[in-house]
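Quick heads-up: it's one chain on its own, the form predicted on its own, in structure tokens.
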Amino acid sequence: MKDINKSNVLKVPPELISFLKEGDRFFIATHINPEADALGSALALSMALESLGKETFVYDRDNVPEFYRFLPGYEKFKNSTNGLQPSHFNLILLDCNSLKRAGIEGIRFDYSAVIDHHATEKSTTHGSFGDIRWIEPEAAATGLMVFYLIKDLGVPITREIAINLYAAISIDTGTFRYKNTTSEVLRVGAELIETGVSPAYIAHSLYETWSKERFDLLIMALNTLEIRDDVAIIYASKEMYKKTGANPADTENFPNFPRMMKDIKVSAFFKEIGKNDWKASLRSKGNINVAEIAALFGGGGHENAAGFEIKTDLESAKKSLLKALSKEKIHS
């Protein structure tokens, strides 16, 4: 298969290429509660840099969820910096652009680069972090950006790298169903398949390997469904985790289920993370920009998928969200 037309692809900043070629040790970090784009992008870039003789340390504050442990090299992830001197490393922050989002505030690094595709974080007070910043809000996934970065580094894309990148791009495009699925995205996907990726294997691993505990938790969450006009709300509490034996990481993809109803414009999933402390995940259809809604609460994300944290009781959290959505006049 011929390489993708260079005139139609994301442009990697030359200074980022120089930074990666000249440095020897890289601390690769991504956001807390990681999903496939964060995990796959970090692993793919680590493999590429190590093939160039670089040393990498791959970090996430949270463990890799069990259902993502099909990703080649997932064992590379560490959730502790004990015994490490980060100041001897250059930082690469992937799929987010603040130290807070990665849970590594207070850690000092020699030099830093940010690679991210989240639009709302570009203009926040945290958004100025990074000596080198490559932010592409139009990119479908950070994995897509890392694909071009690896190509520009001159590193051959192995099957292991390809699986990580394909999973990264798949999760952020809804397995090529969302409106960010462009012809460019499909061409990149095809090139990764040519490298040895099995789309069926990736789709099965992402969506058809649930534990019974996770399925039981989904049933309980769906039974909390409330519909207010064209907004659907569900939640999962700590008590529900205890009853089912599932855990908060198992709730990934839960926000997408209520959105399946034809008359629903926005779905909201509230996940309890502490006493009077909830993580809200928003999904929308069409041109309803939930990233702007999330930004009102100090969060962010993409136009049709975003989130925020809110510290209050659940009913107050719901009311605050509905009020914000009403002000944005999403209702027909």
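All residue numbers refer to positions in the sequence shown, first residue = 1. Definition used throughout: the rigid core is the maximal C-alpha set that superposes within 1.5 Å between two forms. Fair warning: this is a prediction, and the values are worked out from it, not measured in the lab.
As for the form predicted in complex with a further copy of the same chain, it is not shown, yet the points below apply to it.
* Are R133, Y241 and A249 jointly within 4.5 Å of a further copy of the same chain in the model of the complex, each by at least one heavy atom? -> Looking in the model of the complex, the three residues R133, Y241 and A249 all stay beyond 4.5 Å of a further copy of the same chain (heavy atoms).
* Tell me, please, which stretch of 202 to 210, 87 to 95, 143 to 151, 73 to 81 lies within 4.5 angstroms of a further copy of the same chain in the model of the complex when heavy atoms are compared? => The contacting stretch is 202 to 210.
* **Partner contact for S128 in the model of the complex: a further copy of the same chain, 4.5 angstroms, heavy atom** => S128: no, not in contact with a further copy of the same chain in the model of the complex.
* Is the gap between E194 and a further copy of the same chain in the model of the complex 4.5 Å or less for some heavy atom pair? -> Contact with a further copy of the same chain, yes.
* To do: Mark G174 yes when one of its heavy atoms lies within 4.5 Å of a heavy atom of a further copy of the same chain in the model of the complex, and no otherwise.
  => G174: contacts a further copy of the same chain in the model of the complex.
* **4.5 Å heavy atom contact, D216 and a further copy of the same chain in the model of the complex** => Yes, D216 is a contact residue.
* Asked: Since exactly one of T181, S237, T158, S112 fits, which has a heavy atom within 4.5 Å of a further copy of the same chain in the model of the complex?
  -> Residue within 4.5 Å of the partner: T181.
* Any residue of 260 to 274 that, in the model of the complex, places a heavy atom within 4.5 Å of a further copy of the same chain -> Contacts from 260 to 274: M260, M261, K262.
* Asked: Quick one: once the rigid core is lined up, does R214 have its C-alpha move by 2 Å or more between the shown form and the other one?
  -> It does shift by 2 Å or more.
* **After fitting the core, N304 CA displacement of 2 Å or more between the shown form and the other one** => Yes, the C-alpha position differs by at least 2 Å between the shown form and the other one.
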